[in-house]
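One chain follows as structure tokens, the form predicted alone.
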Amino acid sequence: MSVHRIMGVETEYGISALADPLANPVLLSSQVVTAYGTEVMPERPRRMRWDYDVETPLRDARGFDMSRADADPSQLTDDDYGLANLVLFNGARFYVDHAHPEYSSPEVTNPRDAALWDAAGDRIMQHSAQLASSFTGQLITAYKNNTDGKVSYGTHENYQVDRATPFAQLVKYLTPFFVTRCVFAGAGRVGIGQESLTEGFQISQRADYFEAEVGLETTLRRPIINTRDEPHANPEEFRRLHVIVGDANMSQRATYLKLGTTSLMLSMIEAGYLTQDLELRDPVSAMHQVSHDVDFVRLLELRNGKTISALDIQEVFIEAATKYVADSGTGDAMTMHVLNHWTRIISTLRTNKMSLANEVDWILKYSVLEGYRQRDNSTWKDPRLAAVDIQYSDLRPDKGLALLMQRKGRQDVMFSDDEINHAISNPPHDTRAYFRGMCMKTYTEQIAAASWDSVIFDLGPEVPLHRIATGDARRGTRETAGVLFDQNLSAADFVAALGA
């Protein structure tokens, strides 16, 4: 009945060595992650492993498992390729995912915390790139974006959903929502088409790379609704909705609203509250149309033969959410804030969209680029505009355009430096991430491996490894586990106290 649920964000960062455009991105990513591990865990003598034992990346929510023989190698996320991997003191995972460094935030219980620990990931990524630059003697730069103009890499969201909710209902209502969500959550992009061969500007970085309505893949034939059924929880009770359509937002407010509105949509679907007929005739084509339409003039075709605009679809869901929260009578402060913020943003997009530049990424980027275009009387083919597009997402505080705009007050921020610094070094207190992060902080040398579902202790060569299961995301919180960490037990006594 609210925006509160278990959720998190995974961000793959763009990376480059400015002096060597042909540098191996896997090597660069490894250098970045390793550099951070060397600084924050200097006493750790060996590579940290991820516990893949309970991962099921080929299980499909539609009721079957894809065979490993049929899967693309990129789908085999349960294979250990020996690349750099860290589990951090804040409960996050920081590792090399194929050719990118990825920060997977700790599990949180609300969209504000999700945006906060996501912002902490940006700081960790930038600091890591700076450290790696010092160690290697070459400037390594990280970008929070989703494309270099030719290929795309992901910013994924994860939401815990009631298993009793029919998956078909999720598909029915989330598809039109995701197709149109970029109007307030898009990061903006110079170029149209997967390889930017057509000049222009569009709302979303990711939209052109989606080619299917529903599917298990994440890097080829990308689907609007991803069907990976890997709950990282009790599979009888929950599923994990793995959302791959989102852009990487520099705006903290955009991240907050993106996660908050999606969680509210899920609450309505779980409650069986939505009845509107908004099924799109061609969702993939509609997703491209919405992204290419910065003036919101195109109408989308529904399967029932009617047409509707992207903003109209959002307003239908806002109207339903407003009634849902009122009917339930349990609208907490954060839920009301998300709902009011959502309502105001969509209304303002109709009347004065450029006034939202301080909180909507694509509008701020568009306004800056339009300023350059007008000043230089240039077209969207001007390569300098593509360079500014990339600079927007540069994580260097003195170079990144979005970060410079934040310091100048032209992009709103939600979090103070103190809040972000705390989230860099500490886990959220109200999920199992607290247990994971505190285990890493307290017993760094004794943790052999970890995952969302486990922490594995190595107590010495004569003692078997001890695997502590953490299958319930709402257990292992500060309230339930904090007293154990406060006792300053040895690793062996700590494991014994857990009854492992």
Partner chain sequence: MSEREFISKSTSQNESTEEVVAAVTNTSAVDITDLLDEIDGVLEKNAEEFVKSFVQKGGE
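Residue numbers count along the first chain shown, from 1. Quick caveat, the model's predicted, so the values are computed rather than measured.
Keep in mind that the form predicted together with its partner chain is not shown, yet the notes after this line are about it.
Single option in 266, 182, 86, 405 placed near its partner chain in the predicted bound form, where near means a heavy atom within 4.5 Å: Checking each option against its partner chain in the predicted bound form, the one that comes within 4.5 Å is 405.
Listed residue (323, 298, 306, 399) with a non-hydrogen atom within 4.5 angstroms of its partner chain in the predicted bound form: Looking at 323, 298, 306, 399 one by one, just 399 meets the 4.5 Å heavy-atom criterion.
Contact segment among 153 to 161, 284 to 292, 267 to 275, 130 to 138, judged by heavy atoms lying within 4.5 Å of its partner chain in the predicted bound form: Of the options, only 153 to 161 has residues within 4.5 Å of the partner.
Contact at 336, 364 and 412 by its partner chain in the predicted bound form, all three, heavy atom at most 4.5 Å: So, yes: the whole triplet contacts its partner chain.
4.5 angstroms heavy atom contact with its partner chain in the predicted bound form for residue 195: Looking in the predicted bound form, residue contacts with its partner chain do not include residue 195, since no heavy atom lies within 4.5 Å.
Touches its partner chain in the predicted bound form: residue 14 (any heavy atom, 4.5 Å): Yes, contact at 4.5 Å.
Close approach of residue 387 to its partner chain in the predicted bound form, 4.5 Å, heavy atom: Residue 387 belongs to the contact set for its partner chain.
4.5 Å heavy atom contact, residue 349 to its partner chain in the predicted bound form: No, residue 349 sits far enough from its partner chain in the predicted bound form that none of its heavy atoms falls within 4.5 Å.
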